[in-house]
Structure formats: structure tokens, C-alpha cells
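This document opens with one chain alone, in C-alpha cells, the form predicted alone.
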């Protein structure tokens, strides 16, 4: 059975996800948790303390979900694997926009190792780097720098899903078009092979 503290935190996360930081008043949180405000403030001295505790809990929840989403069959073809990473990240952001936005609102006194964004970045980069190392060792791709390759994929996925969606910016390119064209450029490069150039000049 959930403790009173757990009920309050779960109610806070639910409201943060539904109505955001400003809409999650202590009165609404208490009602959602099935307690009164006096009990809420007995467990959490201030609203800031409650929201920070809920933010930490939601951040952990997000990281657990992200870890599960990154468990993709890496024996499928490279393009399908990378598309799956992209689509999974996109769907997660769409489903958890408020929680991710709140989790990324870092407080200055939080130690760097406890901040959410670096943990998200490290998890994705480590997964992609390991994947590219495996493909290099299998001979599926040429001997590239796996960390730089991982950073290239991460950078575009981060831009589309975090910078554009979380911060409400209008993307200059539709997401599906961006994904398909970026991966085509990433996998094939931008230069024309010498043989193709020679054929064009004939």
C-alpha cells in the first residue's frame, strides 16, 4: 500500500504532467492525493520542496522509461535501428512533454551528477557509441570514430525532440522529412563517388 508521501508525490507528478508547473497548486495536489493541505505541508514544508521532490521522482521515472526504449534489437539493419531510436525518442517526448520540461528545469544547487539532462545525454550517447563499435567490429560499417558518430545522431535527435518540441519552437523542416533525409545523408555521405562524377562528365 502506498504511503501518504508516495500518494502526494504521485498526485503531484500526475498534475505536473497534465497542467504543468503553474497549474499544479497545492490544493489540487492534495485533492488528487486524497489528503488535506495540512497533511501535504506536514510531509513537505513548502511547495518548492514538494515540487523538487516530485521533479526528482519524475526524472528517475523518465530515465527508467528511456532505458527501456533504448533496448532495441541491434541485429536489424542500421537504418531501421536508427529510425527506431529516433521514433521512440519522439514518442516519449510527445507523451511526457510537461514532465521532461520540468525535469530539465535544473536547480543551481543540484550537483552536476544528479542533473537530468546530462544523464539523458550520457544514456543515449553510450547506447549509440556501443552500437557503432559493434557494427565496426562486425565489418558492417567502415572504421569510423564511434563516439563522433553517436554524437551526430544524438545532436539531431536532441535538436528535433528537445529544442523544438520541449521549448515550443516551430521546426523549419517536418520531422519525418528531417529524419529520413538526415539518415540518408548520414549513411551515404554528401560527396559524389569519383566513378559517379566521371560518369556524369561523359
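For clarity, a rigid core is taken as the largest C-alpha set superposing within 1.5 Å between two forms. Numbering follows the first chain given and starts at 1. Here the structure is a predicted model, which means the values were calculated and not measured.
Keep in mind that the form predicted together with the DNA is not shown, yet the notes after this line are about it.
Against the DNA in the predicted complex, the set 36, 42 and 46 is in full contact: each member has a heavy atom within 4.5 Å. By the criterion of a heavy atom within 4.5 Å, residue 27 is counted among the residues contacting the DNA in the predicted complex. Remark: of stretches 152-160, 131-139, 66-74, 46-54, the one touching the DNA in the predicted complex is 46-54 (heavy atom within 4.5 Å). Counting a residue when any of its non-hydrogen atoms is within 4.5 Å of the DNA in the predicted complex, the one hit in 2-16 is 4.
Residue displacement note: residue 187 has its CA displaced by under 2 Å between the shown form and the other one (rigid core superposed). After superposition on the rigid core, displacement of the C-alpha of residue 38 between the shown form and the other one amounts to 2 Å or more.
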